[in-house]
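Just the one chain here, the form predicted on its own, laid out as structure tokens.
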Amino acid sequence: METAPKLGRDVPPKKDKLQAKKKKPRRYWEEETPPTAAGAFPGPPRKLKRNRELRPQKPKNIHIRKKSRISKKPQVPKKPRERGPQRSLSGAQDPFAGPAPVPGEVVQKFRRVDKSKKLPRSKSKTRSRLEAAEAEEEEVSVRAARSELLLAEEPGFLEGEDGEDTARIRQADIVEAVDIASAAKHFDLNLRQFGPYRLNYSRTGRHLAFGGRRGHVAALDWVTKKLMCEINVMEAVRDIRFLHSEALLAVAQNRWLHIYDNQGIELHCIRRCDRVTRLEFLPFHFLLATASETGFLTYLDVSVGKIVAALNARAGRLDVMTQNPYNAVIHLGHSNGTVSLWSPAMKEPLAKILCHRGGVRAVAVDSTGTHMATSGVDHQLKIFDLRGTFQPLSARTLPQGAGHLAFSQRGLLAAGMGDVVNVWAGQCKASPPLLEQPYLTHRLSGHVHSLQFCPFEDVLGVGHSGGITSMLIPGAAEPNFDGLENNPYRSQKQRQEWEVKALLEKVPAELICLDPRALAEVDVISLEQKKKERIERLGYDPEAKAPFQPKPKRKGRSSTASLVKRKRKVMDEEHRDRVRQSLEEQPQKQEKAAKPTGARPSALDRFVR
């Protein structure tokens, strides 16, 4: 009798329909399955245990000792491995591996921390924080230096041919040589019936406001020539200023100070500021400074509508005023030839500079706060250094005294003398202008009444008795602007967001001083005075080091003799430290007390120790 064959021994099993299909080709990322025995069933595929394969295996039978928080041995930082040249995916070697080098001069321009000053002696925690802040500041300055490569625009100046004087080049010749967009920035507004005019550009350089002596007030987008508002206040206009944005306008009229919006609607009439002659707006403090005929300098906080300070200059009528953009200090020119520097935190002037033999007619300060230009009745034009010395750097006698002065963003100086405007240029932005030879000269149709350079544009706005003139001054403005601070192309939504941010970051008026960097330093004199007063009030020094008191020990080791011995040991160590410190300071004192090398020796030198 025949028996049926068992499965898997003699007769091969029947092929399943799934196995009968064509075998799929193996992809390059799949692992090759191990070959099975002939006729054996491959079975289900195994799942790869990736976690076990990727996780590093710890060696067995090794006891790992836990590290204590307080390490006994000083930990030496490991040296970084010296990696070879990096290669890309294709295998090619990068010829310029690592970050691109940055010139030190460019980094120094963006550096704010003075590395010449050493860190003060302080606790380790405070010192580590100071070092971390310095490292972060260094990294930020390097990033700013690298991003300067992205600034595409470069400043340029007008250069003549060999032996050609650029002062003889007329505005018509410049308009013919430049492109159409730049030529459209030169124009003349004939407003002879309402002149003379005072003008002011907004901080973005996009809008222009001007006011005539006979009451004509207007504001426009001077790039597109779109008129924003035009009114007649039926009163003499002495000065005009934009506030923090082009939406608000301050006008000093014959009696009081008035605030208008960009549609010409009167918003406020401030009667406490009466008979105002000059206006200046401090953008980072939201302060409007006014100078009056009565001799008062008034600071108005436009964010809350309150007068911060009203200072009596005690110098008669005030009609010469400007601000220092670097530290927000107001400069006033007086009829006795002096220029006084004022801050709302002080009732007396911060400094007084004797500039001219006669009265001061005009004052201007450059954007870096380094140089100040003054002109007086004695026909003198002088450049002063404001970095603590207040000494004149250069002077020039003009045929007519300059009645109006203005500095550009790159250090060009414009002076209005009668119906002539002269512009002087320096060697670079930080250098004072050279007064020997004028850079450009232009004659107007009326006497100059106001001067101002347009921000971020090579344009000089001149208000005169015949209207408004826009002159082209190549190389006058900064070619690259900060879009987060002053964006000429911002929308209304962006302007509103910027206003909120500027209000939150408003600088208090009490912080205005000559050296703004002193705000980050410690006033050692005041600190010592407060400490002395505190000691006198309490009767003892609470910060004095308490005398050493040894802790009692057990097992008979806290006897009187052992306590005295431990006290004596600590006293000897402190005495040894004081002696060592005095020995270290002794050579320095001897160097200071040493006589100069050229002095004759004396017979008494043998007794000097």
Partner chain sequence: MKVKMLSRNPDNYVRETKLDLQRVPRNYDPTLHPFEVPREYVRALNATKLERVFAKPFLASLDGHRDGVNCLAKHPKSLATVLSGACDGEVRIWNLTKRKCIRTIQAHEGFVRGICTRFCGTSFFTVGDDKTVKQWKMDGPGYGEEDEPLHTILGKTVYTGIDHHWKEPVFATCGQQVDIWDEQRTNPICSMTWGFDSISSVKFNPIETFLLGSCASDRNIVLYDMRQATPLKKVILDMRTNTICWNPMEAFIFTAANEDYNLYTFDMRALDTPVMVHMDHVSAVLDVDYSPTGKEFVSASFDKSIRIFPVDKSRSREVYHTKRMQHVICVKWTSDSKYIMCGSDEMNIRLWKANASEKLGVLTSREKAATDYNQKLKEKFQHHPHIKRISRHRHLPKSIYSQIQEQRIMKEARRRKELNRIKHSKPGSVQIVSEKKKHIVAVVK
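Under this definition, the rigid core comprises the largest set of C-alpha atoms superposing within 1.5 Å between the forms. These figures come from a predicted structure and were not determined experimentally. Residue numbers count along the first chain shown, from 1.
Although not depicted, the form predicted in complex with its partner chain is the subject of the following passage.
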query	finding
Distance check, G295 to its partner chain in the model of the complex, heavy atom within 4.5 Å	no
H258 within 4.5 Å of its partner chain in the model of the complex, heavy atoms	no
Contact flag, E478 vs its partner chain in the model of the complex, heavy atom cut 4.5 Å	yes
Exercise: V377 in contact with its partner chain in the model of the complex, heavy atom 4.5 Å	no
In the model of the complex, the one of A92, A181, C428, I525 near its partner chain [non-hydrogen atom within 4.5 angstroms]	A181
In the model of the complex, the residue from E499, E139, E533, E159 that sits within 4.5 Å of its partner chain by heavy atoms	E159
Region of this chain that lies against its partner chain in the model of the complex, out of 210-218, 299-307, 160-168, 377-385 [heavy atom, 4.5 Å]	160-168
Heavy atom of each of N254, E266 and S465 within 4.5 Å of its partner chain in the model of the complex	no
Interface residues of 316-330 toward its partner chain, as seen in the model of the complex [heavy atoms, 4.5 Å]	P325, Y326, N327, A328
N487 C-alpha shift between this form and the one not shown of 2 Å or more, rigid core reference	no
S141: Cα shift of 2 Å or greater between this form and the one not shown (core-aligned)	yes
Rigid core superposition, A132 Cα moves 2 angstroms or more between this form and the one not shown	yes
